[in-house]
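One chain comes next, on its own, written out as C-alpha cells in the form predicted alone.
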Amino acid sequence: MAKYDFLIVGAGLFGSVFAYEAACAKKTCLVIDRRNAVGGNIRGETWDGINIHLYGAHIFHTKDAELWDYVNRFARFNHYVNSPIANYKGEIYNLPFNMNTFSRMWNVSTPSEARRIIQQQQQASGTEVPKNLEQQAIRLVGHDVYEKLIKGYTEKQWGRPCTELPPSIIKRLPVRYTYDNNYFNDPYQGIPLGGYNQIIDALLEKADVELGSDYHHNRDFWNKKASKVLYTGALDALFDYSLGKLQYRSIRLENRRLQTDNFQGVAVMNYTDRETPYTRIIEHKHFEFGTQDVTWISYEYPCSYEETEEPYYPIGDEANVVLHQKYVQIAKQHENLLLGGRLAEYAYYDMDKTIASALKLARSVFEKH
C-alpha cells in the first residue's frame, strides 16, 4: 500500500503550492528534491544581513488580486518597484524602453519626436511580418535602440544570433511613450520582507520532505511511495531522452562581497554590449532598501545548459516545442502521472503564473474527490 496520496518531484514553487493545496484537501504528500534545500530557483540565503537571490533576481508581480492575496498569506511584501538600468559601454539608459530611454538616445523630449524616429527606422527596415527576433525588435523600437540595448544582451543570453531566434522572445518587452521606469505594468509587485524562503517553508509545513534525493536514480522506489506522482522536472529526462533532448540556456552566478554600502545604486544593471561577458550585475541589498555597511553583488553569466546542468530558459523554437509535445503525449499514457511547472511544461513562467498554474491543477484534481 502506498503511504502517501502524492509524491511531488521538485520542491520549487509549483510543487510547494500543490503540496499546500493538497494538505488543505486532507491529502498527504511526500516532496523530494535533488538539491539539499527547498525552494527551487527562488531559494535565498542571508549574508551580512542581506537577503541574497541565489539563482538570479526574482521580483514578484501580478495583475491578479487573488494571487496577490494568496502570497500575502505567507509573507509581508515591501513596495519594491523593478526599474533596471541598461549600461551600454558606460552610457546609462532606463528600462523598460520609455521616454527617459528615448530622450537619452536621441536628445528628444516629446512622445511625438520619439515616435517619429522609431517609425522612420521601422519603415527603413522594410519588414512587414517579422520572421526573427532582430526584425521583431526593430519593428518595436527601431534600429538604434535595437543595436545598443537589445542585440548584444540578447545574443549573450541565448548564445546565438538574433537572426536565428524566434520573434516571440522579444514580444514580452514593454515599450512606453511616457516617462515611466516601472518595468512591470502590474498593479501588485514587491519583494517579501526577509526573502522567499518563508513562503516555501509555510507551503510545505504539512508535507514530508526528503532532500538530496534524485528521483531519476530510482524511480520505482519513489513511485511505490504514493498513489500519484506530480513531476515538475525536465520532461525529456523523465523519459530518458528517448525522443531527443530539449534545449535550454542556463546562467552562472559569480558572487562578490564588497566593502562599500552602495556599488551601483540599483538592484539590477544590464550590460547590453556584446563584449562584456556578463549580462547583468545584481546588487541584492537594493531589493529591500538595505542600509548595511557592506554589499553583495552577483555577476550573471549566460552559458549553455551543459555547463551547469541547471535548465533556466527553454529555447522555445518550433523544433523544441514539437519535441516537448511528443513527450507530453507519452506522459498522457501514464494515468497516475501529473505534470506541472516551468520545466515539465517547457515554458518561461513568472512566479505569479507558476502559482496560477499550480492552483489550476490542484483545483482540477481535488474537485474530483
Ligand code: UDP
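Throughout, we count residues from 1 along the sequence that is shown. Keep in mind that what you see is a predicted model, and the values were worked out from it rather than measured.
FYI, the form predicted in complex with uridine-5'-diphosphate (UDP) isn't displayed, but the following is about it.
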According to a 4.5 angstroms non-hydrogen atom cut-off, is N181 in contact with uridine-5'-diphosphate (UDP) in the predicted complex? no
Report whether the minimum heavy atom distance between Y301 and uridine-5'-diphosphate (UDP) in the predicted complex is within 4.5 Å. no
Close approach of Y153 to uridine-5'-diphosphate (UDP) in the predicted complex, 4.5 Å, heavy atom: yes
For L230, is any heavy atom within 4.5 Å of uridine-5'-diphosphate (UDP) in the predicted complex, or not? no
Work out which of the listed stretches, 197-205, 145-153, 73-81, 242-250, brings a heavy atom within 4.5 angstroms of uridine-5'-diphosphate (UDP) in the predicted complex. 145-153
Can you work out whether uridine-5'-diphosphate (UDP) is within 4.5 angstroms of a heavy atom in all three of Y4, N223 and A344 in the predicted complex? no
Position in contact with uridine-5'-diphosphate (UDP) when the complex is considered in the predicted complex, options N98, N270, Q135, T276, heavy atoms within 4.5 Å: N270
Please identify the residue among I170, L235, M105, I118 with any heavy atom within 4.5 Å of uridine-5'-diphosphate (UDP) in the predicted complex. I170
Residue by residue through 203-227, which ones have a non-hydrogen atom no more than 4.5 angstroms from uridine-5'-diphosphate (UDP) in the predicted complex? none
